[in-house]
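The chain below stands alone and is given as structure tokens, in the form predicted alone.
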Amino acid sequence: MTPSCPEKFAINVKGLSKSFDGKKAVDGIELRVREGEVFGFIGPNGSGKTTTIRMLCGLLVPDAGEGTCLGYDVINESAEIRKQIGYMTQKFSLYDELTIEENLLFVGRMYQMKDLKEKVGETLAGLALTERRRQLAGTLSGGWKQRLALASCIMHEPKLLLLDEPTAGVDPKARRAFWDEIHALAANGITVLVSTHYMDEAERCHRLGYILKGKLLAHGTGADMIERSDLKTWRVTGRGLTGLAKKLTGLKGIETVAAFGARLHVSGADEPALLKSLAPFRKEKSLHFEKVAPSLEDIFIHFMSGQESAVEERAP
């Protein structure tokens, strides 16, 4: 029997912590991202996603922790890490007054790239930017700015992409095209760590990590996280759902009530208590109740609610 090859990790860190003005932004994170996978970093604003990414790419020095990124020590070899990653920030960070082509030439000179004009031409063609190469970056729509930012990140052929909420404010069509590009890059061996707020994007990642208040609460494939969850969810359809949501919120056993279009998801971990609270409403003929598997969004709302309750319990 042939022994299996050991897993190779592009990111392998533990205990990463960072504080600002005495407040912990990241608290002991342990993270492993396999080579060639798309890893989704999920969590609300202020949860520590950006701080973690900036520590991984050497822009912030951790207060504690250890590990490697692309085989280099995240504490002592950050300069080597920065040479081999592409980092796309939340905010468009290229020059509005330069054309698409001029921006890429500028980035290429920073990396001291050889055959620069040829490489810029290949990058423009690869991301369908050739026809717009003389357009000023400041006149581009959000989707085209996003495409230009990605081009600037991959032109030097990095081994790892760190993308910090790259699709925020971009229309759905442009988001889908962007994710097609991400998966094409991963298929060619590039590792991608991407933070996002969008659950449809989370479902397109190979694995996920959920971070809240600086702690990594869960990680694994989306299917794994749903299977391991102790959450029980009921889908409700019918009339008067807005009023129903108000009545259900806060009842024993009901942890979350979330609207998904013309339906409600009512969830809780204590199934007997959940069923008892739902029982009177299930008798109403205008409502239809169906037990369903929780969605990723149900699980993430559950995590957030649990942490908020824990904070309230600890408060003096």
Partner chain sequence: MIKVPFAWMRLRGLIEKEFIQLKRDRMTFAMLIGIPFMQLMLFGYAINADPKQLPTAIVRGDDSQFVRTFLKSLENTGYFKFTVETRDYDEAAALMKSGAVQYIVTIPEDFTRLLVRGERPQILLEVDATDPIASSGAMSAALQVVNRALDHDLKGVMAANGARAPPVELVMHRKFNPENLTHYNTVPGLIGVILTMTLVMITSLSLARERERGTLENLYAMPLKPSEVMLGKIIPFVAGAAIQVTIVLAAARILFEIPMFGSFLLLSAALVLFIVVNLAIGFTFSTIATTQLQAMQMSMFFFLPSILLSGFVFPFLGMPQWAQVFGSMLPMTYFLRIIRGIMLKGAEFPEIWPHIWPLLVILAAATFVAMKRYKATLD
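Here the structure is a predicted model, which is why all the values come from computation and not from measurement. C-alpha atoms forming the largest set that superposes within 1.5 Å between two forms make up the rigid core. Positions refer to the first chain, counted from 1.
Not on display, but discussed next: the form predicted together with its partner chain.
Check for me: heavy atom within 4.5 Å of its partner chain in the predicted bound form, for each of Thr242, Leu244 and Leu251, yes or no.
Contact check failed for every one of Thr242, Leu244 and Leu251.
Report the residue, out of Leu287, Ala269, Leu275, Leu59, that has at least one non-hydrogen atom within 4.5 angstroms of its partner chain in the predicted bound form.
Among Leu287, Ala269, Leu275, Leu59, a heavy atom within 4.5 Å of its partner chain in the predicted bound form occurs only for Leu59.
In the predicted bound form, which of the listed residues (Ala187, Met110, Ala223, Ala125) lies with a heavy atom within 4.5 Å of its partner chain?
Looking at the other structure, the residue within range turns out to be Met110.
Picking from 227-235, 112-120, 138-146, 211-219, which part of the chain touches its partner chain in the predicted bound form when contact means heavy atoms within 4.5 Å?
Only one stretch passes the 4.5 Å heavy-atom test: 112-120.
Within a 4.5 Å heavy atom cut-off, is Tyr95 in contact with its partner chain in the predicted bound form?
Within the cut-off, so yes.
Hey, in the predicted bound form, does Tyr198 get a heavy atom within 4.5 angstroms of its partner chain?
Tyr198: no contact with its partner chain in the predicted bound form.
Could you confirm whether Glu181 comes within 4.5 Å of its partner chain in the predicted bound form, counting heavy atoms only?
Glu181: no contact with its partner chain in the predicted bound form.
So in the predicted bound form, does any heavy atom of Asp73 sit within 4.5 Å of its partner chain?
Although its partner chain is absent here, Asp73 would stay clear of it in the predicted bound form, with no heavy atoms inside 4.5 Å.
After superposition on the rigid core, does the Cα atom of Arg134 shift by at least 2 Å between this form and the one not shown?
Arg134: C-alpha displaced by 2 Å or more between this form and the one not shown.
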